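Read the single chain below, which is given as structure tokens and is the form predicted alone.
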């Protein structure tokens, strides 16, 4: 386990620019189990910030600054070596796989054997209230159920931190409250630093923690 000097996710003088114009600047430490919310309108650079942190920045933008996780700067590593867990507006489940197949795909290779991998996936489904859904077709799920599967899949991958790109925005109000609570509770339980981008003040309130307003 990292000590207090390296735990969490530090954004050290991170700046996002488009065509020479600075869109946002962030300098903040997000500790394990805490959430930093970045709020602002469309076009303010919120999602681009997540892309810089996660390693998939569109070439139209430029970013600078250190992204320190576990005591090392990951800003120059390829995306697959940053171990970010990401939830988008859409759950992005693989349609050609069963619900369980989607989860097994995310389990680290260190978990060997199909039986062991299935057991872990089934436990993850039960943990998000979807016990018995392993063999279901993702197309048969409701929006809330798909969101739960997406969360379970992200957590099974054992990420170092979570990036949330307005993952609640397409859910109806009742589901939004349920899924918000589930996501933030599981992230806190897993002691994951979380960065949420949103335009919804209710998301920020549910997340708790620091809020940066941009744009």
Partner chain sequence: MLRFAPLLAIAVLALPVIAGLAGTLAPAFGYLPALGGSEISLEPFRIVLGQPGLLRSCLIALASGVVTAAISTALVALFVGGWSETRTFRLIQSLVSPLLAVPHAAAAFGLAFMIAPSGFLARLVSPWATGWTRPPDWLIVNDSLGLSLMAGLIVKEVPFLLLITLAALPQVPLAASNRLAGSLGYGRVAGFLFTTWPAIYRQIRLAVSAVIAFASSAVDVAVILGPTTPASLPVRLVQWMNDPELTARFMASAGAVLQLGVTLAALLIWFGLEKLCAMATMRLCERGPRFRADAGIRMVALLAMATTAIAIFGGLGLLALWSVSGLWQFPHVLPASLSLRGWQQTLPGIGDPLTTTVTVGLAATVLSALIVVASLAREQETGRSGGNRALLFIYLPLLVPQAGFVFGLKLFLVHGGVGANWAALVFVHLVFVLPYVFLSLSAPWRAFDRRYEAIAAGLGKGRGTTFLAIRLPMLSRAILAAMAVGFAVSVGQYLPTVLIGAGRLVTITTEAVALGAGGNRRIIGIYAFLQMLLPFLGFALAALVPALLFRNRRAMKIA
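Positions refer to the first chain, counted from 1. Note that the structure is a prediction, hence the values are computed from the model and not measured.
One more form of this protein exists, namely the form predicted in complex with its partner chain; it is left out here, but the text below deals with it.
Partner contacts here mean any heavy atom within 4.5 Å of its partner chain in the predicted bound form, and among 23-31, 56-64, 36-44, 183-191 they occur only in 56-64. Interface residue remark: residue 79 is counted as part of the site for its partner chain in the predicted bound form, having a heavy atom within 4.5 Å. Shown alone here, residue 131 lies farther than 4.5 Å from its partner chain in the predicted bound form, counting heavy atoms only. Within 4.5 Å of any heavy atom of its partner chain in the predicted bound form lies no heavy atom of residue 121. Mapping the unseen interface onto this chain, residue 72 falls outside it, with no heavy atom inside 4.5 Å of its partner chain in the predicted bound form. No member of the trio 174, 198 and 211 reaches its partner chain in the predicted bound form with any non-hydrogen atom inside 4.5 Å. Contacts between 30-51 and its partner chain, taken as any heavy atom within 4.5 Å in the predicted bound form, involve no residue at all.
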